[in-house]
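Here you get one chain, nothing else, as structure tokens; it is the form predicted on its own.
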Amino acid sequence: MALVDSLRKRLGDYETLAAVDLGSGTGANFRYLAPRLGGRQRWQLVDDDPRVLATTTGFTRAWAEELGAQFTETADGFTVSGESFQCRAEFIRANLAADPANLVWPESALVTCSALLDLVSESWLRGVAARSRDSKATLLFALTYDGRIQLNPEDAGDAHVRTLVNRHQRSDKGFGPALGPAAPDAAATILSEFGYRVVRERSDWRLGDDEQQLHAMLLDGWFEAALDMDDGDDGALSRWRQRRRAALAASGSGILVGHEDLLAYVRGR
């Protein structure tokens, strides 16, 4: 992610970086960013599902061992110390779908999330933008779906399925009507309105023959989403899935799912 290099330069020298991961899930975003940002860091890993948060410790312990870093579990999270970084992370249980004004993070923090913005509503995003501006936060939003799905080899039913999937992406995911594939453009516009300079970068997700299981799971997920939105011939969608499965079995198939990363910082800083 080239934007991480830009972020690191923009952050400059810091004694301890305060970072907040919204919808942290199993901690993948933390594990990606922590060694790349370097130095001393204090993280808040924010999620509403205690079962998901519970898995973060195990995943991060295994990652630290592979990295050769020191890992210590604490009462409310963990610490990780590597060659170029030292992190203290604490778990914060919070209902992200509630009013973003209730979210609390340190002044001038890095606020980040991954694969979240396309699930939230415009009003929720505006709330986060306002809270971020007021706290002078720097923002890094990763892996935001932008509506592009390209399948290889192409099939006559792909365009119809893509349309239905994108319609499904706009349905309520718990935050109100979701931005879905409009999320990158909406985020750039909204953050600019709140005084942010926004830099965008594509971060497309590509799957090939060596990831057949994930490939098949995506196809099945799109099929189910399309069924939810389709008021026509369900048989056409079933035939599409059969043809796509046959193409996967024959090898040479591939998937591109369009995503964007956004870096936003207060103008003049």
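Residue indices: 1-based, along the sequence shown. Because the structure is predicted, anything quoted here is derived from the model rather than measured.
Separately, the form predicted together with a small molecule exists; it is not shown, and the next lines address it.
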Open item on the list: in the predicted bound form, does residue 191 come within 4.5 Å of the small molecule, counting heavy atoms only?
Closed with: no
*Applying a 4.5 Å heavy atom distance criterion, does residue 179 contact the small molecule in the predicted bound form?*
no
Is residue 175 part of the interface with the small molecule in the predicted bound form - any heavy atom within 4.5 Å? yes
Does at least one non-hydrogen atom of residue 49 fall within 4.5 angstroms of the small molecule in the predicted bound form?
yes
From 199, 104, 130, 97: within 4.5 Å of the small molecule in the predicted bound form by heavy atoms is 97
Among 116, 111, 187, 80, just one has a heavy atom within 4.5 Å of the small molecule in the predicted bound form, namely 116
Within 4.5 Å of the small molecule in the predicted bound form by heavy atoms, the stretch out of 244-252, 21-29, 7-15, 257-265 is 21-29
